[in-house]
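As a starting point, one isolated chain is supplied in structure tokens, in the form predicted on its own.
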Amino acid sequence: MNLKQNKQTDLKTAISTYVKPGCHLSIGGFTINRNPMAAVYEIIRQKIKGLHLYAHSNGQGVDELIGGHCIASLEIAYAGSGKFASTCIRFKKAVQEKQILVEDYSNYQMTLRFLAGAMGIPFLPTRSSLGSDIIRQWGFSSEMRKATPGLPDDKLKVMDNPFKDWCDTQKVVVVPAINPDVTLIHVQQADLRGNCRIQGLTFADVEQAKAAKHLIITCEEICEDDVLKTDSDRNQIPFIHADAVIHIPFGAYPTACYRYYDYDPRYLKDYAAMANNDKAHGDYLETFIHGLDDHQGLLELVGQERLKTIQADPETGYASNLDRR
């Protein structure tokens, strides 16, 4: 392994190289925080279809991929964009109209599934969802599971606790590992080899990154080789997992990236209004995604004055005096 390997590339190349039609894709972030939006928009722009998507509790990224007609099936704990869409709009419509298949797990179960994948083990046990319909309601049929490479034969299994004589837990739920073909994450800092430093909450991004066969990283800053060696205990993802590193300031926009910028309430509010109407949503796709060459085009369309309003305060990590209505 070349420890000095430079993995920096451009986003178009990274997406076309690793994200293939029908592949199993995982995206990081949480609701409207640090979604890898530049990468999401590039997938939609390249019209990559039939994806099997995994997410922990995502919002804008999931909704836009579904609205962009890229997703065939989804495994997730929760899909919502805060107060702008407590349940993601295009997600909800696609489920109601049976355009996609969805299988749901608890938040903790999704984290355990990514963790199992990162650990290289086939499953992990939990008590999460015992007594709930998560155990009984399956989104994927046995026929689909058998016909789809990468899917386990069962959603989960309930089994006797082999140590029940030692503790009072009689049953445990066993959830299968997730090993995506590709994971997309957006981080604050990365170096050219793919070492990453996430500031603030990491959500399930670290586990998703380590569980994937290929990892695409977009970042706010590309750091010189020695920068991340200082306080190296703050680095969560080592270079061995990375395949591509792309420097894209505002790469999580319109979602937030802690200590760099807040979410854009105006964009998210306007998106929600357009997503509720098929024609308006079609116009949105053409204007804000397909009609632009790249993420920089979106930032230019929004304008620097707007971006200044969401710039993070260096002390709090969030935008000051931002009208969030």
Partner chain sequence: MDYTLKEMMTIIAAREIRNDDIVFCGTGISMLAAMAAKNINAPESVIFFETGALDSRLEELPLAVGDSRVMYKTSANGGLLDSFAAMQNPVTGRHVIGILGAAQIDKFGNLNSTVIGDYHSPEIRFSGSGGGCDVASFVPRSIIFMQHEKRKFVNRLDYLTSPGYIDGKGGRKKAGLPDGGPIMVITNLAVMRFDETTKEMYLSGVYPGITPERVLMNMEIEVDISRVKEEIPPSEKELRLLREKCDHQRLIL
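Quantities reported herein were computed from a predicted structural model and do not represent experimental measurements. Residue numbers count along the first chain shown, from 1.
This next part talks about the form predicted together with the partner chain, which is not shown.
Check your understanding: E305 near the partner chain in the predicted bound form, any heavy atom under 4.5 Å?
Key -> The answer is no: E305 has no heavy atom within 4.5 Å of the partner chain.
Check your understanding: Using 4.5 Å between non-hydrogen atoms, is Q60 touching the partner chain in the predicted bound form?
Key -> No, Q60 is distant from the partner.
Practice item. Considering only heavy atoms, tell me if K213 and the partner chain come within 4.5 Å of each other in the predicted bound form. Key: Yes, K213 lies within 4.5 Å of the partner chain in the predicted bound form.
Exercise for review: Mark Y263 yes when one of its heavy atoms lies within 4.5 Å of a heavy atom of the partner chain in the predicted bound form, and no otherwise.
Suggested key: Close contact exists here: in the predicted bound form, Y263 approaches the partner chain to within 4.5 Å, heavy atoms only.
Review point. Of these, 43-51, 65-73, 24-32, 294-302, which stretch puts a heavy atom within 4.5 angstroms of the partner chain in the predicted bound form?
Key: Residues of 24-32 come within 4.5 Å of the partner.
**Study point:** Residues in 161-177 close to the partner chain in the predicted bound form, defined by a heavy atom within 4.5 Å, in order
**Key:** Result: K171 alone.
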